[in-house]
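Listed next as structure tokens is one chain, alone, in the form predicted alone.
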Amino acid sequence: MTIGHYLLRRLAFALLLVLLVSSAAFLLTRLAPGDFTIEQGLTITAEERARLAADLGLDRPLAVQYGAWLGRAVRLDFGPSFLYSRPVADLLGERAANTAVLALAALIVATVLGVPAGVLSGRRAGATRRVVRGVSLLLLSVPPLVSSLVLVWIAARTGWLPLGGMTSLASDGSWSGWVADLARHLPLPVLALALPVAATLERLQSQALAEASREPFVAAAVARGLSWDRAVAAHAWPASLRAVLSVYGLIIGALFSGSFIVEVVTAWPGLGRLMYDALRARDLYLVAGCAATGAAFLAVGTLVSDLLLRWADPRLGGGGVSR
């Protein structure tokens, strides 16, 4: 299969995934008891509530409402947000950018921590390996809600970091001041997102490196005069990257689609927080738009994972990692 045909198939899969996820979110939100006018607790009469529902289009039959929404959605017009009185597409653009900042920082931190830790635990036995594996097991065992709350508690007790949000009202308004303010708010949510991912990467890298080190080509390199460490670094580690790359894109998609718990706990104004507010308010079009954006990020992450794996493994048609 040529790369062009492969990309077309993956694009079709991505569009189908976005359609199914967003449609499911729309239909489930619409079919659930209550609506936006009830969830807002508006003190209005039944006639006024009915008039408001008609203005919002909530009184139309489900099939009609879904068909109208789908016709706009294919043009990337997800309709208006009931809660914010703004186009959903505008809100998604703003919040997706905020989530991208958080996810990219978390991905870098997780990679810098997880891959070297996996190489260390995969190459060395004894106490060092046990300590690294024990720490990664602990990080994997702690739910994101608990880790986020622990980090917020530490920040509250020490005063080292802001408790939440993306920026402070006290920022001086300049570009440099905004960047510095953002840098102070990033560590708490970034660590909450990155530490479990780093532990996952450590586990994958360690196991893959240990398996690759037992391959005949590593022993042959040692027989040709390379030291064990150099043979592992030059031959076993590139081969072990296939296992990491096979899930790396999925990690990217999961991070960029927004971490619901972390963003809610740390008040980070990203897609996760927006989805939470939309669900609470029963903001029908906003829920569907958030679901579509999250599915799109996940589909892109899956495609990146597949492309990286094709590049790393010559048997799949990529260029391959040289040994």
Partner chain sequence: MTRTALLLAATLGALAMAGPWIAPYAPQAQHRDFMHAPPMPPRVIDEGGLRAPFARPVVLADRLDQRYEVDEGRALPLPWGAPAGSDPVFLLGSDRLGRDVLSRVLHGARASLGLALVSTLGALLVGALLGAWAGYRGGWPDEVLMRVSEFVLVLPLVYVVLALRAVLPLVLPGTTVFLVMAGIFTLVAWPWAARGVRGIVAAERERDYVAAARAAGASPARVIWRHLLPACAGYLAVQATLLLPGFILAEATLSFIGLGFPDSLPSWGTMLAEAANVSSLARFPWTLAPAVAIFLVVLATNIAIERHGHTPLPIDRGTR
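Residue numbers count along the first chain shown, from 1. All values reported here derive from a predicted model rather than from experimental measurement.
The form predicted in complex with the partner chain is left out here; the points below concern that form.
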Query - Interface segment, criterion being heavy atoms within 4.5 Å of the partner chain in the model of the complex, picked from 102 to 110, 215 to 223, 115 to 123, 191 to 199 - result: 191 to 199
Requested in this report: Kindly indicate whether 185, 237 and 308 are, all three, within 4.5 angstroms of the partner chain in the model of the complex, using heavy atoms.
Outcome: no
Query raised in the report: Hey, in the model of the complex, does residue 76 get a heavy atom within 4.5 angstroms of the partner chain?
Result: no
Query raised in the report: Is there a heavy atom of residue 210 lying 4.5 Å or less from a heavy atom of the partner chain in the model of the complex?
Result: no
Query raised in the report: Does residue 80 reach the partner chain in the model of the complex, with heavy atoms at most 4.5 Å apart?
Result: no
Requested in this report: Determine whether any heavy atom of residue 285 comes within 4.5 Å of a heavy atom of the partner chain in the model of the complex, and answer yes or no.
Outcome: no
Report summary line: Residue within 4.5 Å of the partner chain in the model of the complex by heavy atom, from 70, 53, 62, 32, is 32
Query raised in the report: Heavy atom within 4.5 Å of the partner chain in the model of the complex: which of 233, 142, 179, 131?
Result: 142
Report task. Give, in sequence order, every residue of 270 to 300 that has a heavy atom within 4.5 Å of the partner chain in the model of the complex, or say none if there are no such residues. Result -> 271, 272, 275, 276, 279, 280, 282, 290, 291, 294, 295, 298
